[in-house]
Ligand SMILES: Cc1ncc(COP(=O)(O)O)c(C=O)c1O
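Just the one chain here, laid out as C-alpha cells, in the form predicted on its own.
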C-alpha cells in the first residue's frame, strides 16, 4: 500500500512536472490540460493523485477550472499587485563601513547544500553550459599545450579583449582592445578602480541600496560611503548627487547603471548622459559596474554611461560571473584615462588573471556559443523573475512592496515596517532557507525591513520556500 508520505511526494512531483511544462510553453496560457482521467492513464497515477496535483497548481495560480469543461492554463495575472518600494532616503553624512561579519555569515550559508539558496546572487548554471565550457577547456589544453599555462600579463589575453571590444559596440561604446584590462572577476576590477583614484578616508558616492560586495571593498580601503537616494525604477537621484557634490569633497562615484543589485533599476539613456556630464564638470571619476548589462528582458541591450564619456573619466567594468560562470573568475575593466596606472596596479597586486579561463571565454564568445546561451538565459531569467514575483505576491502579506526589474535576476522586497529582516533571516535558516537581509546593502543599516531574493532559478522547492517565508513574515508582523 502507498504510504501517505509517498503519495504526497507523487502528487508534488507530478505538479512540478506540469508546472515546468507550463512555464516552458508546452501548455501556453488558455491551453486545455489533459483531463484527470487522461493524466492518470498517461502517467500511471491514481485519479486522487492527479486531482491533488491539479489542486496545487490551481492554488499556485498556474491553472484554472472551467465548469463542465476541464482544467486550463491560467490567462489571469495576479490582481493583487504590490507597489514598488519608495525612493530610498539615506543619511546625508558619509560613513565608514563595518559589515564584514554579517556578510561572511551570509557567504558561509551560501555554501550549505541543505538550504534553499535565495540569498547570494548566483546564476543558475545548468549542465548544458558546463558541458560546453568543459569541452572548450579540454580542446584548448590539447591544442595550446604550454601556452595555456603561461602568464598573460596585463592587459591580458588579446583574443579576449578583441571579443569584449566588439560586444561593447552593442552597449554604445567604441572601445579598442588596448582600452581593456582583463581582471580576476568584477570584484578585482572595482578594487583596482578604487586603488587608482582614491586614498583612505576619501568619500565615494554610491547608490542606496548598494551591492554589499561594493561596500566590502570600500571597507577594506578605509573609504567613506555617501549613500545617495535611488529610485527602484530609474536609479540614482541626480539632484541629490549634485547637492552632495556641492557640499562634500567626493572623490569618486560608483553606480550599477543597468539592473542595479539589489534594486534592478535601469537608468534611462538621458539620465546616463546627464550623470556623465555632471561628473565631467567637476572632474570626478565614475566607476560603472555593468555586470548584468547583458541580462536584459527587452528587445535591445541597454547602453552604458561610458557611451557618453568624452574625458576618459568613466571606468567601465563587467565580468562573466553572472552570465557564464562565477568559478572561472574572469572580468574586465576599461579604465579610460587611468589605464596606465590600473595596468601597473594589476601587475603589482596579482600579476595576471588565469590564462586558461581567458582562452575558454574568448573561444566561447568567438564561436557564437555565448550569444546562443544568452538568448536562452534571458528568457529563463525573465520567466523566473516573473514567477518569483507572483509567488511573493501570493504568499506575502499586505504592506509588502516589490521591485519590477527588467533585467538581472534579483528581487528587492520591502517587508511590512515592523518586520526585521535579520530576525526573518534567523527564522528562515531554521526552515532550511537562506536569503540576503537588507542590512548588508547599506553602510548605515538603512534597510532593516528589506530582503533580496535570488530568482535565477524557480522550481517546486523555491515555490514552497517562498510560501514558508510568507508565513514567517506574517508571524513576525503579528508579533509586533
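Please read these numbers as outputs of a predicted model, since none were measured by experiment. Numbering follows the first chain given and starts at 1.
Beyond what is shown, the protein has a form predicted together with the ligand; the following relates to that form.
- Contact annotation for residue 121: at least one heavy atom lies within 4.5 Å of the ligand in the predicted complex.
- Under a 4.5 angstroms non-hydrogen atom cutoff, the ligand in the predicted complex has residue 185 among its neighbouring residues.
- When the ligand is considered in the predicted complex, residue 233 lies well away from it, no heavy atom lying within 4.5 Å.
- Shown alone here, residue 370 lies farther than 4.5 Å from the ligand in the predicted complex, counting heavy atoms only.
- Only one segment in the set 101-109, 172-180, 356-364, 186-194 has residues whose heavy atoms sit within 4.5 Å of the ligand in the predicted complex; it is 186-194.
- Note on contacts: among 267, 305, 206, 291, the single residue with a heavy atom within 4.5 Å of the ligand in the predicted complex is 291.
- Note on contacts: among 403, 152, 321, 88, the single residue with a heavy atom within 4.5 Å of the ligand in the predicted complex is 321.
- No member of the trio 386, 391 and 449 reaches the ligand in the predicted complex with any non-hydrogen atom inside 4.5 Å.
- Interface residues of 236-267, taken as those with a heavy atom within 4.5 Å of the ligand in the predicted complex (partner not displayed): 256, 261, in sequence order.
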